[in-house]
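Okay, so here's just one chain, in structure tokens, the form predicted alone.
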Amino acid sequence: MTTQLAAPAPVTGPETTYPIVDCDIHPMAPSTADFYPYLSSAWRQHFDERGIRTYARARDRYNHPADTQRLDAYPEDGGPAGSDPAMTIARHLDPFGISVALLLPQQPYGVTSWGDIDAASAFISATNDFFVEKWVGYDERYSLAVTVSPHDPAAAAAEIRRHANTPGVIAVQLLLMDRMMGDTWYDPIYEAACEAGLPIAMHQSGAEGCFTYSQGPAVGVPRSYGERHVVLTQVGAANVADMVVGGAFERFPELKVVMVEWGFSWLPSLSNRLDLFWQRDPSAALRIKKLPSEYIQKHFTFTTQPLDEVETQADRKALFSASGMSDMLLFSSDYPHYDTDDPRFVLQNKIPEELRAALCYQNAVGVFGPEILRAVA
């Protein structure tokens, strides 16, 4: 049983002089019934009869030792953590001076295991309309990544175009299902995203290994929640490599991709290995025309949470010193999850001072455009 906690004490200490763009906040609807007003009567009947699965993983495979959510994020009157936009402002945005919160809803993640393509598209469209009205419309600091289903690229592209001019929509959350991100299957989605000027946000979704029916990140099932959480970075790295080598950025030169919650300390090694591979055998990657690292630096950004907890100044310098890294990182907290990175602590103690402005907002403006600061005076 979850016990709701009192609000945290006000944060004290030196204030940042920068706007802070938090690129990983997960809002929830109080229940799936809250999506019903955005469905047709036929789809409401459909889901009444069959139910709605919002969780792609087997929920009992990796039990968290405590709770996957912050206890102080549960509304006092009930509902899941992160389901009250006013509470999220009071307990996260206001105390830490968050100027922009990129919303990545997780209730749509369950559709990756659905077999009914039309039902998946209808449900996801309803969730997008709910979060546009109930969260983006609630406060200008909230901005949404509209979710699209990978089942049907044409339908996903239509959903992107439907929200291309919706105020507060700044990205597209593309779910993982059964294909690597460099697959041409996604081309209609990437085309629509480029046309709308919206970056693709890729967050861990799908099943155990982040892809439908994948039992683990690679070759086997991790032993615990923690082990799985640690090794999921390999899924992110594999998709970065696949998009580059698969030629996604030659087909879509304006495509931008935000990698959320995959880490980034592995990136220098991946870039160096890809460059070496291409230099020695360019005929093995005929879809690309320049060094893989050049595509990565131009098209990808990476969120900071969970930030590697290095202890020494030398290790911290090494973490951020790779070529181009200062232009590729975006601050994120992962609120309201149990391992939320404390914005004040991370920005003041873990991010080098010379990079704070870039990570707080400058890189985000470069990816999402200056309109994300619509709530900043």
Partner chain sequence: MIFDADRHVAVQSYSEIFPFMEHSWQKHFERKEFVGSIAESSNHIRVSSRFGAAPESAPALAEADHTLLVPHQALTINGWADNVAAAVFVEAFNSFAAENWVSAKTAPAIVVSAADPEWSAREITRRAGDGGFGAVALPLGATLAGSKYYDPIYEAASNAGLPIVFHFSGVEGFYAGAPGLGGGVHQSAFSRLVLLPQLAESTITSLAFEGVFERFPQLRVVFSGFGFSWLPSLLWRLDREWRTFRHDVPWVKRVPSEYVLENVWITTWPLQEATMDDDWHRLFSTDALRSRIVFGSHAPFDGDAPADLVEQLGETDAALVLGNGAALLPFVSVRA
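Positions refer to the first chain, counted from 1. This is a predicted model, so every value here is computed, not measured.
This protein has a second form, the form predicted in complex with the partner chain, left out of what is shown; the following refers to that one.
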Taking heavy atoms only, is residue 180 within 4.5 angstroms of the partner chain in the model of the complex? yes
Taking the partner chain as it sits in the model of the complex, is residue 289 in contact with it (heavy atom to heavy atom, 4.5 Å or less)? no
Is residue 51 one of the residues lying within 4.5 Å of the partner chain in the model of the complex, judged by heavy atom distances? no
Given that the partner is absent here, does residue 154 sit within 4.5 Å of the partner chain in the model of the complex, heavy atoms only? no
Pick from 132, 196, 87, 237: which residue has any heavy atom within 4.5 angstroms of the partner chain in the model of the complex? 237
Only one of 220, 253, 78, 115 has a non-hydrogen atom within 4.5 angstroms of the partner chain in the model of the complex; which is it? 220
In contact with the partner chain in the model of the complex (heavy atoms, 4.5 Å), from 187-195, 146-154, 90-98, 223-231, is stretch 223-231
Quick one: which residues from 241-276 get a non-hydrogen atom within 4.5 Å of the partner chain in the model of the complex? 241, 242, 245, 265, 266, 268, 269, 270, 272, 273, 274, 275, 276
